[in-house]
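This document opens with one chain alone, in structure tokens, the form predicted on its own.
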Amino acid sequence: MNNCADVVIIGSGIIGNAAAYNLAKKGCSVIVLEKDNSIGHGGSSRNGGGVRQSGRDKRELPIAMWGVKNIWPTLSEELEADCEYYQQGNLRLGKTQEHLKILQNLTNNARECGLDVNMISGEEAREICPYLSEEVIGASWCKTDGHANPLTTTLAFYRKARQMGVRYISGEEVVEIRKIKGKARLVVTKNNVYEGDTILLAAGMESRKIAGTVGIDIPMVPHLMEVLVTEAQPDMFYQMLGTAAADFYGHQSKHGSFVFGGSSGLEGYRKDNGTYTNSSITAACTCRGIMKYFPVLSEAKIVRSWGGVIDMCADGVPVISKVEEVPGLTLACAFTGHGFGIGPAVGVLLSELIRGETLSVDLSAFAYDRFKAKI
């Protein structure tokens, strides 16, 4: 088969799949290479599913807001698959005055960007979600936030991209990127060589190693996060949930189970650190946090839990840009655990960036060269 395409994408997560779909819509030939034998096997299909605007860095907010307004409401219809998108708001909870200060600061920043988010009292929060404990004394409330199913959404982009002619090769580990006449042109795997006018690197934490083969270093490090799922519960509430103290985050899914993520703070000290498996320590820690906010869930059984790696960027926001030093290379990585909610929007923006079109949202804050030493 022909190993040449207009765009060769490294990574089949939400970013790679959304970009592949949108590039194919515009008539580009696309090859997607995935190290794992499964598509979307990494964090894109294993996260908490938040589609939130509130609580984000101000630099990310324009992308999140544009995606919530223009993409998420009709995404299931467009992809002909149920993404399980619920837009029933986001409660970020606080139990102390210090928590409220944190939430107020986040709220102020978001409102400066035009987001409709407000601080509310504990009583007002319980009117929205009656299951909250009396310990909650306040919250931030963004009624346009929501959540979706990360697995079905990631695979929906994959299936639709396949239908539009995108070629996927799984089990194909990328070894290096090579230049021809100073331009990134070849993607070398353990078994083959692929050629593209543009190479899009969207491989999560693996992106740092691969970019290093053409002298580019993206300042990001791996961070283990863990998620748990409860047995199905009666319909209770479908708001996205979070806390100022980062005790947990999550939501109730379409089939009734609650999906919660969290951390214990001990992930970096694990005996088997490097394998990125989950632990009973974090699950127990997350459950204790949940029960303080939602005592009604204290008897809910945990069905399963898992761990996954977040590609944490040095300044907390992703790198989404072309690389001046390496023409032909475009980066989309270091999403710092915020990638799923903005993934569909980023897929559109990458298709515009790669094709030299006018961008729907300014991406200058995510340029790779922001890490260059200032003279």
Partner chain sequence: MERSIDLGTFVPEPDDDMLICRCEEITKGEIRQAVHDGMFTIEEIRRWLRAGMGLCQGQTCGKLVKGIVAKELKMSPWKIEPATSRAPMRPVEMRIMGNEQLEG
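Note that the coordinates shown come from a computational prediction; the quantities given were computed from them, not determined experimentally. Residue numbers count along the first chain shown, from 1.
Not on display, but discussed next: the form predicted in complex with its partner chain.
Just one of V221, C113, M236, V303 comes within 4.5 Å of its partner chain in the model of the complex, counting any heavy atom, and that one is V303. The single contact residue among R159, K101, R126, K209, judged by any heavy atom lying within 4.5 Å of its partner chain in the model of the complex, is R159. Taken together, the three residues Y86, Q88 and L329 lack any non-hydrogen atom within 4.5 angstroms of its partner chain in the model of the complex. Picking from 282-290, 242-250, 140-148, 210-218 the stretch near its partner chain in the model of the complex, with a 4.5 Å limit on heavy atoms, gives 282-290.
Of the heavy atoms in T230, some are within 4.5 Å of its partner chain in the model of the complex. Contact annotation: S38 falls within 4.5 Å of its partner chain in the model of the complex, judged by heavy atom distances. In the model of the complex, T336 stays away from its partner chain, with no heavy atom inside 4.5 Å. At the 4.5 Å threshold, heavy atoms of E77 stay clear of its partner chain in the model of the complex, well away from it.
Contacts to its partner chain in the model of the complex (heavy atom within 4.5 Å) from stretch 152-175: T152, L155, A156, Y158, R159, R162, Q163, V166, R167, Y168, I169, S170, G171.
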